[in-house]
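One chain is shown next in C-alpha cells, namely the form predicted alone.
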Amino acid sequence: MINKYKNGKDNMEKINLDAVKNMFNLEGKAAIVTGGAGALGEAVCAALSAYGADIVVTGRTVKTLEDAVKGIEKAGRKGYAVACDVTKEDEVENLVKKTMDIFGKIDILVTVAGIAKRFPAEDFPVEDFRQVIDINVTGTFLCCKHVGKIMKEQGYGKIITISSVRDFAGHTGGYAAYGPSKAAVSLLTKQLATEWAKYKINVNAIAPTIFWTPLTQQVLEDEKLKKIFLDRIPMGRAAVPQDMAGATVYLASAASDFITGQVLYVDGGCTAG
C-alpha cells in the first residue's frame, strides 16, 4: 500500500514507484457496464478495455450492444453482451450470474443505464416521471445490490454510478424528474460507500454536465437552448464521451483505493460557480 501510516509519521512506508506506474492498470479485471448501447456506455467500455479490463456490457437488447463489444475486442480484451432491463430484479440477478459464469468474479461495476425526459413540472406526465425514477434510481440500486453481494464475498470491488450536475441545483429545462433522480443516485452512492467500506468496496459517482450524444443533440442544436446550457459552463463547451474516460479509469483502478463516497464532477467548471 502506498503512503500507509501505521503508528505515525515514523512508520510511513516509502512510495512504491512501480505501484505508482501501474496504478491505472486494469489487466485481469472483470467489469460490468450497464447502458452499453449509448454513447457514454461505449466510452466507458472503451476506456476500461484500453487499460486491460474484460467486460460484460448490458442493454435492453443484445443487438444494440454490438458496437460496444466490437470496441472491447478491438482493444484486445474479452467482451460479452447480455440483455438486461435494470429495473427488473430477476434480470439483474441473471446478469450477475452470467457474469460470474464467464469471469468467476466481478471487480468493477459502472451503472451507465439511465434516461432523461423533460417537461414543465406542471405538465409532467406521471408515467414518464415514474419511468425516469425507476430506471435511474431503482435500476442503479438493483445493480449495486446484486453486484455488491458478490463484491462483499470477494472482499473488494469498485462501483461507479453515473450521476449528473443536475444532482445539486434546479434548472429551467424541465428536469423535475431527472434532477431528483440524479440527486438520489448521488446520495445512494454515499450510502453504499458508507455501508460497504468495511468490505473494501469503493463506491463513487461520476457527475457529468451535458454531453454531446444523440440523446442531447436536439438540445445542443437549438441555439437558444444551447446558450442556456453553455453559459453555465466556464470552459464554454458541452462534454464529449471521451471526457468520461479518465474519470472512469481513475475510479476503477488502484489509483482511487482510498477514495469512496465521492461525486466527481466532469463538468467544465459548471458546479464551481
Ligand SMILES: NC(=O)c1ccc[n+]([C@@H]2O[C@H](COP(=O)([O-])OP(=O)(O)OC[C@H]3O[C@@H](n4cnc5c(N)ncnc54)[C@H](O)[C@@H]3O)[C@@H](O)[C@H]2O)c1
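The numbering used is simple: start at 1 and walk along the sequence shown. These numbers come from a predicted model, not from an experiment.
FYI, the form predicted together with the ligand isn't displayed, but the following is about it.
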- Item | residue 236, heavy atom within 4.5 angstroms of the ligand in the model of the complex | no
**Prompt:** Counting only non-hydrogen atoms and a 4.5 angstroms cut-off, does residue 215 reach the ligand in the model of the complex?
**Reply:** yes
Is the gap between residue 40 and the ligand in the model of the complex 4.5 Å or less for some heavy atom pair?
yes
How about residue 60 - does it come within 4.5 Å of the ligand in the model of the complex, if we only consider non-hydrogen atoms?
yes
Interface check vs the ligand in the model of the complex: of 159, 112, 106, 72, the one with a heavy atom inside 4.5 Å is 112
Partner-free chain; cross-checking the ligand in the model of the complex, the single residue of 205, 45, 31, 210 with a heavy atom within 4.5 Å is 210
Counting only non-hydrogen atoms, the one stretch of 119 to 127, 81 to 89, 197 to 205, 144 to 152 within 4.5 angstroms of the ligand in the model of the complex is 81 to 89
Restricting to 158 to 197, the residues within 4.5 Å of the ligand in the model of the complex through any heavy atom are 162, 163, 164, 178, 182
